[in-house]
Structures are given as C-alpha cells and as structure tokens.
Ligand code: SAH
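The data below hold one chain only, encoded as structure tokens and taken in the form predicted alone.
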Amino acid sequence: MPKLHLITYGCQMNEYDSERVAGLLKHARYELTESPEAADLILLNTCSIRERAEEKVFSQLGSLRRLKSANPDLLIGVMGCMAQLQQGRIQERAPFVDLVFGSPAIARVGELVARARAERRPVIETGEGPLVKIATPPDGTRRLKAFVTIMEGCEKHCTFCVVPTTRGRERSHPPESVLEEIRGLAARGCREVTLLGQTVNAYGRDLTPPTDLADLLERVNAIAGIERIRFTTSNPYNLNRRLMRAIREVPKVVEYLHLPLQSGSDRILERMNRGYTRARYLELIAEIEETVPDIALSTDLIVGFPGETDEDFQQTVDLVERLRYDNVFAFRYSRRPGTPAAEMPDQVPDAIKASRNTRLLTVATRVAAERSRALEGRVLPILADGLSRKNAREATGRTRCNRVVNFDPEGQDLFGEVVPVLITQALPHSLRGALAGREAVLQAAGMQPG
C-alpha cells in the first residue's frame, strides 16, 4: 500500500483540510505515515497569512529535495493558500514539485495525484471550483474533538489579508450537510466540535432560504453524543444579539468567543478596512459580557501595521488592559503581495515591530494570568482528553473556556468524560486541579462556566 506523509502549516481550517485529504486518499489506498523517508507521496498544506510561513515551506521543500533525488518516483505536492497565491514562485524555486493545487481543488485530490503520477509532469490546479462538502474521516480511530468547516472564503477585503484571493468569496455549506458530518463524528465517539469559517458568524446568509449561525448551533446542540460546541473565527462586523443569546442559551455552546480586534486605534482600523471603530468594538464587548457574564474572550492583534505610531500602538495596549482578554494572539505585520497594505507608505521597521510585540505580549500574559488566578477555588466541568504531557500519571482536559487543566484521575480512565474538577492552582500556561467530591457533582453538572 502506498504511503502518504502530510505536513500542515497555518490555521485550524488547514488542519481540517489535511484531515479531509488524508480521508480522500485513503480511498485511493494511501496509508498515512509519520516518516517522510517512507512516503510515496508528500503533501505540504500551506499558509500565506505571513511571509515567515511561506519561507518555512520553501525551507521544507529544500529539505525534501534530497528525498526526491534519492527516489524519483516520490511525488511532492504543495496545496492550500500558498499554492493558490504563489504557484509561480513555487515552480521557480522548487521545480521538482509535482503537484500544486489550491483549497477549492481538495475534493479532487485523488484525481490530481493520479494525473501527476501518470503524466510525469507538474500538475497545477488553482482555479476556483464548486463548493464541495467533504466529510471523509482520515481513519477509524476514536477522536474526541473535531473541526468542521461550515463556510469558506471571505468578502471583507481587509487591506492586509490574502484570504479573499486564496479562499475566494464567502460560501456556506448547507445545514444538512454540516449536521450529517457531525452526526457521523458523534457516532465515532467525538464529544466536541469546532465550527470553522474565515468569518464564521456570517454563516448562512448566502443560502436559500437564508439561515444563520445561531440556528445552526441550536441544531448541532440536538445531536446526541456531542458535549461541547465551539466556533471560530468571528468578525465584529457580523456579531449580533441573536448569536450572543445563542451562546448564553444553547447548552452545549461554550462561554467562549474569539473576536479579533486587530488594532485599538480608529486610524489604523480604517486603514485596515475593518468596518468597525474602537467604540463599536467596545459596545459589542459590553453587550456580550452583559448577555453572557462569564464569557471568556480572546482576540487577534496586528503589531506594526503601516503608519502605526507609538500613540496608535498604546491605544491597542490600553484596550488589552481594559478588556482583560483570556488569550491574545499577537502578530507582527507581514507584507503580503497583492494586498493594498503592502504598498502603503510608512512601513514600520522590523525592530520597532519586534519591540512593540514584546511589550504587548508582556501585558497580555499578565492579564491572562490574573484571569486564570480568578478560577482558583472553583469547581469546573472538565472534558478529559488524555494524559498530561509532563506526567503520564495525570489526566489532562479543558474547561469550557478552553484552558488546559491537569489533575490526578485517581486511577480511573476518564477519557471522554466530563468530570467536576476543583481548580487548585493557576500556572503560567495551564491550571492544576483535583477531582471534586460527590457534593460538587451537581454544581459542575450545572455547567458552571470556566
């Protein structure tokens, strides 16, 4: 049986796409291997959000070239966003690559691999194709958590972003196809699903009849076996009261919202073409916190966007202090070819970006630690998902707000179970806890958020 080695870069949607590719190629009799040396086919699933991600791919391709020299029958392919955006550079810098295809062509991966092997010449497929729901699992093992793409593409056209080019326009998968996939996951033991979309809270408006994410959450909630429902990534422009109420009222939806801010400065937000102001973002946060008092919040921030001054940057830092995010993902601005921001004047020097990034992360880490310490002494429902990486005698799991908790399972196999855990200590990157006694079970069963 031929062997497939997959290397995945970038976001959760790329992880999801890699799983689908593995499942589809399983039908073509390809077996997954962790060893590139043992592979007959190596696919790199790529990201183009930042330049560094692309350079990692080219570096990896350089390492794989020796395998190709030693084994001319080895097929090497590049898929995903970088393939969609940079097919010319890939052919120029790595002419030994046999297959280049974008995300819209994933459903045809078996056909494309067969063509590349039969024709013995590079196969390039980067045009926009029809939206296809791929629900083929990669293997038969039990998986406690899974990603499920519910929509693809984006039409916001932020000036720094390549997604509209690499993923195309917004297109939603019909609810029934999404629900069918999740029912299949639940039947195989999945307890938690994360619904994915570049702008996930815009889901359904392009369908006939139109629907929305809140309605889909209610329908997923009815699927037996599913314990928790997450979704990402939301855009402030599309956040509304109906979705906020769904987070509060749909039992399996966790009290967690990832809502990218990108900048705390109105001047920079306008240059980014984000479609909202600092004041509007603050209104949304106030409303979600009023609707879901125990909501956990995370965000994305870009440091060093063209024209960002010290004052603009300080406004971002001030909002992190004020909003007290549970988690902050901060990125140094990276010029992306073909985006308006790449041609803007006043590009910020790398040294200043690095300094600001360090300062921002220092504040974000302190705030997140303070938020974690507030959980000490609380009993929280923990979905046990394995063993601690540092101590195999301890179980590990996550709170509804996605914090890692390590605890003594007291000799029990708790994998896949939701158990009440008393949080005893907040550490820099995780929580420690102890199984709570029977008197705490009812408290945790009430799904006390955390």
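Numbers follow the displayed sequence, beginning with 1. Not measured: the values here are computed from a predicted model.
What comes next is about the form predicted together with the ligand, which is not displayed.
Undergrad: Whether D300 contacts the ligand in the model of the complex should be assessed with a 4.5 Å heavy atom distance threshold; does it?
TA: Yes, D300 is a contact residue.
Undergrad: Does the ligand get within 4.5 angstroms of any non-hydrogen atom of G275 in the model of the complex?
TA: Contact with the ligand, no.
Undergrad: Though only this chain appears here, would P175 touch the ligand in the model of the complex if you measure heavy atom gaps against 4.5 Å?
TA: P175 lies outside the contact set for the ligand.
Undergrad: Even though the ligand is not shown here, does R356 get within 4.5 Å of it in the model of the complex, heavy atoms only?
TA: No.
Undergrad: So, a 4.5 angstroms cut-off on heavy atom distances: do all three of K145, S388 and F407 pass it with respect to the ligand in the model of the complex?
TA: Not one of the three qualifies.
Undergrad: State the residue from Q91, S372, N221, S334 whose non-hydrogen atoms include one within 4.5 Å of the ligand in the model of the complex.
TA: That would be S334.
Undergrad: Under a 4.5 angstroms heavy atom criterion, identify the one residue in L99, C161, V254, V193 near the ligand in the model of the complex.
TA: It is C161 that has a heavy atom within 4.5 Å of the partner.
Undergrad: Among 46 to 54, 64 to 72, 409 to 417, 33 to 41, mark the stretch whose residues have heavy atoms within 4.5 Å of the ligand in the model of the complex.
TA: That would be stretch 46 to 54.
Undergrad: Heavy atom within 4.5 Å of the ligand in the model of the complex: which residues of 177 to 208 qualify?
TA: Only a single residue, Q198, comes within 4.5 Å of the partner.
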